[in-house]
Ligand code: BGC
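Next up is one chain by itself, shown in structure tokens, the form predicted on its own.
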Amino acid sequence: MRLTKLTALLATVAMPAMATELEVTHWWTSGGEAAAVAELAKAFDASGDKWVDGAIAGGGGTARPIMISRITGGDPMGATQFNHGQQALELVEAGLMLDLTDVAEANNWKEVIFPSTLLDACTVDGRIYCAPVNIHSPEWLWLSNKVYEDIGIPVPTNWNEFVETAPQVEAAGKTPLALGNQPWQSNLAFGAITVAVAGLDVWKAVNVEKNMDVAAGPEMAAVFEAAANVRKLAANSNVQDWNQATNLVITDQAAGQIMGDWAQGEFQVAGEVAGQDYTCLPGLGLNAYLSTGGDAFYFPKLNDPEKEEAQKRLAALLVSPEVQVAFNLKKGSLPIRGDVDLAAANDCMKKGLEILASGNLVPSGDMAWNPDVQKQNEDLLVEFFKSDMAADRAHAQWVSNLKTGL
């Protein structure tokens, strides 16, 4: 009998004699996210083990403290989502996370995971502690085609055109820019604007080279002036969650949203067609690039040999080609390996794949700065976007915050 692809995959992994339950915590609760995580659960259950879903609503800012508290408090889950970078570094250094180096070596992760920075972000002192599952880039502008068609003007092709047409959008009774009230959304929008206005070289100088003269210079001053304009465009966007803001674009109440490529999952669940119902502009249409952050799963130590073997089986499964395709097609993200078949990719995913192949990549801010610096500037940007704080004052405080992370 000919094996199906999934059966063939599972045949290469040692099947457990009995199902082992693993609680998996994550913050994927929107419609598109839930559809994507269901693919992971389905694959794990089909392998003979049991995925016990531990979704935590409210996004990463709400979920991470709960996850960390459970791990440090002696109530660890079987696996937990974090973003690539330094979010779990202290847990690893404290000896609370399972070493996955043997899984990575057995499955050739160093050869198949691309770009290599994803695996580097999982590596501490030469040992690998997490399984990357996707590449998410936050610097996309999502546009409702119908809003512009109803007004009778072309759909913008970049951020500058978007800003120029905002008065016409407002005159038509629409919100130019949808922006939710969660703190990380302001931070995400600012990061996208940074590259759109100042350019990749400035972004790299500040976040990779940690050049504080550039951080305090005129290019970044222009970014803060642009951010002040953005808060005007989003003044009437009275929603909380990111997916609620995305829904304003889907339902043609708002012209656009700055959001990561995970927004694709929401458009897909709503039956929207990329290139027909909505337009996606990576790098806000000004700089075609990707910041190669995303999500990874870490596995807390459980002091249970049976569960540890199940943890390692799940880690291997998450990186496998078939699971990568099934998950990322639903999530709207890009796979973390370049040897998978994505013939079913939509228009927006194809744009991302082309940029990924071009090598026009930068590391995500999660990898560049420690959590304390990220939190300080997240708080600053929330205050900035919710008030009339002067751009130059916010700029000065932002630079001061960065310096604490040097």
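The first residue of the sequence shown is number 1, and the count goes up from there. This one's a predicted model, so the numbers in the text were calculated from it and none came from an experiment.
Just so it is clear, the following notes concern the form predicted in complex with beta-D-glucopyranose (BGC), a form of the same protein that is not shown.
Engineer: Looking at 170-178, 79-87, 204-212, 280-288, which one sits within 4.5 Å of beta-D-glucopyranose (BGC) in the predicted bound form if you count heavy atoms only?
Structural biologist: Every other range fails; the passing one is 79-87.
Engineer: Is it the case that Phe44, even though its partner is missing from this view, gets within 4.5 Å of beta-D-glucopyranose (BGC) in the predicted bound form, heavy atoms only?
Structural biologist: Output for Phe44 is no: heavy atoms all beyond 4.5 Å of beta-D-glucopyranose (BGC).
Engineer: Hey, in the predicted bound form, is Gly294 touching beta-D-glucopyranose (BGC), heavy atoms inside 4.5 Å?
Structural biologist: Output for Gly294 is yes: heavy atoms within 4.5 Å of beta-D-glucopyranose (BGC).
Engineer: Using 4.5 Å between non-hydrogen atoms, is Trp51 touching beta-D-glucopyranose (BGC) in the predicted bound form?
Structural biologist: Outside the cut-off, so no.
Engineer: Even though the partner isn't displayed, in the predicted bound form is Glu33 close enough to beta-D-glucopyranose (BGC), meaning a heavy atom within 4.5 Å?
Structural biologist: Although beta-D-glucopyranose (BGC) is absent here, Glu33 would touch it in the predicted bound form, with heavy atoms inside 4.5 Å.
Engineer: Which residue, Trp140, Trp262, Phe299, Phe162, is the contact with beta-D-glucopyranose (BGC) in the predicted bound form, using a 4.5 Å heavy atom cutoff?
Structural biologist: For this set of options, the contacting one is Trp262.
Engineer: Can you tell me which bits of 199-233 touch beta-D-glucopyranose (BGC) in the predicted bound form, meaning any heavy atom within 4.5 Å?
Structural biologist: Read in sequence order, no residue approaches beta-D-glucopyranose (BGC) (within 4.5 Å, in the predicted bound form).
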